[in-house]
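One chain is shown next in structure tokens, namely the form predicted alone.
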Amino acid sequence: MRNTLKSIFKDGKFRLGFGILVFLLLMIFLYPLFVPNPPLEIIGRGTFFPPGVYVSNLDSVSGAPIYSLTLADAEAKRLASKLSLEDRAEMKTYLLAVGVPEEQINIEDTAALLALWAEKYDPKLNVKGMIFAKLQYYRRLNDKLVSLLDSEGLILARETDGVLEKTGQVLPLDYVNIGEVSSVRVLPLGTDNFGRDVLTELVKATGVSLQIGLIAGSIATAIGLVLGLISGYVGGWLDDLIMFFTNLLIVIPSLIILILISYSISQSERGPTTIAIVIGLTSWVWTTKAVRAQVISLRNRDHVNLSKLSGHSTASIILRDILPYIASYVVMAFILQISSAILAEASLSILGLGPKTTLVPTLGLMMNWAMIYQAHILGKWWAYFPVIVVIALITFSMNLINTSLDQIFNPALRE
């Protein structure tokens, strides 16, 4: 046994797949210890907040010490972030209309563009061929640019008895230390369409999907193992009967059966465990056929015939003389069943037939929410891409582990 484990962990594929799986499991168990927030807690009054560090405006203005910093590129970055590509294009259109050569206009150089605008823009000038609405637009754009260049900052005021009373002022050179602001929330993956922390939701969803995979994989492997052992060893009419139902279910795609069964169950009753049981009860057929083939190749071996001559019972022969020889294959089948069950749950949830959405998330449900609210169309990648990566990592790691075990336990594949 020790030599077998050594040979397993010496294989590079197994170490890589096992390492990915351990990393995901550590995230599932350790992350809630540091971030104990409910996975479906709505923290954003809006949808699809981008990833970043969020600081309370109120606390940063009135609850933290103010520091004055003169950073060389700070002003340029502030102006560049406030001036959209649409505004830059419109400024270029106006400058061309008033006779500025195109080679002198660089919309990517914010400072040069603003200097050229300040020199050439005249609100009283009637540009030939430009309608009144367009001229009004440029006046509003100029007012916006003037406010951006204002070095006086912002005045904070509070209304008292209908009169505004100045309480403070925020200057362009004012900064706060983020460590001294009391209300700070880090959202590495932003929020989803409901305003929920995607990372917290993703960690919980990964754990729930793995639970679904374990339950469904255990059920499917157990059913397939029992039926495969009985069918392969006993044979006769019992083998014909088992193979009849197995072949019947193989002809019908398992996803169709899953859809029909899930559709017949009301959403209020479709919890993760229920979905896992349904997946397990519909995924045992290929395990049955594979185990049966293995048993047929073993049932006439010398040690099995010796046990028959010794008068051992059928159950004893199956458990002591056949099962140990196919144990490694059963483990590999179990790993593949877990991976297949996670993908099956994701497929059902994308179709809206997965677990109910009010208690715990799953990877499939997160994909379903992102698809319904068009995250892929709106470019909100953080709502769906991390889910795809986690599903890919789970299936990739388990396939690596399975391939490695197959090469170790299958003499025909050894180099």
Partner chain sequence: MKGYWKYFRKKLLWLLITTIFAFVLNFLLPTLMPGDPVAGIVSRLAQGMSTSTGVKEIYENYAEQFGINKPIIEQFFIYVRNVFRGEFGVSFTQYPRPVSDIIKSAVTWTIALQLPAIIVGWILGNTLGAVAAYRKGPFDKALLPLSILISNFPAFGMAVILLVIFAVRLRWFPTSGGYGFDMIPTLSWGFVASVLHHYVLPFLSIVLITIGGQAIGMRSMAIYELNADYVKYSRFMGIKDNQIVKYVFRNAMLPQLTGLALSIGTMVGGSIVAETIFSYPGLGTTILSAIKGQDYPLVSAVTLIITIMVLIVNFLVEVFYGFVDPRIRATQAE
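Just so it is clear, the model here is predicted, and its values are computed rather than measured. Residue numbers count along the first chain shown, from 1.
The discussion below concerns the form predicted together with the partner chain, not included here.
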Self-check item: Within 4.5 Å of the partner chain in the predicted bound form, all of I43, R158 and T167 (non-hydrogen atom)
Solution: no
Exercise. Counting only non-hydrogen atoms, choose the one of 62 to 70, 22 to 30, 35 to 43, 376 to 384 that falls within 4.5 Å of the partner chain in the predicted bound form.
Key: 376 to 384
Practice problem: Could you tell me which one of L260, I131, A111, A118 places a heavy atom within 4.5 Å of the partner chain in the predicted bound form? | Solution: L260
Quiz item: Taking the partner chain in the predicted bound form as the reference, which of S183, S218, Q267, Q211 has a non-hydrogen atom within 4.5 Å?
Solution: Q267
Practice problem: Could you confirm whether P253 comes within 4.5 Å of the partner chain in the predicted bound form, counting heavy atoms only? | Solution: yes
Practice problem: Although the partner chain is absent from this view, report whether N247 comes within 4.5 Å of it in the predicted bound form, heavy atoms only. | Solution: yes
Quiz item: L405: heavy atom within 4.5 Å of the partner chain in the predicted bound form?
Solution: no
Quiz item: Would M367 sit within 4.5 Å of the partner chain in the predicted bound form, counting heavy atoms only?
Solution: yes
Practice problem: Go through 341 to 356 residue by residue and record those having a heavy atom within 4.5 Å of the partner chain in the predicted bound form; state none if no residue qualifies. | Solution: L343, A346, S347, I350, L351, G352, L353
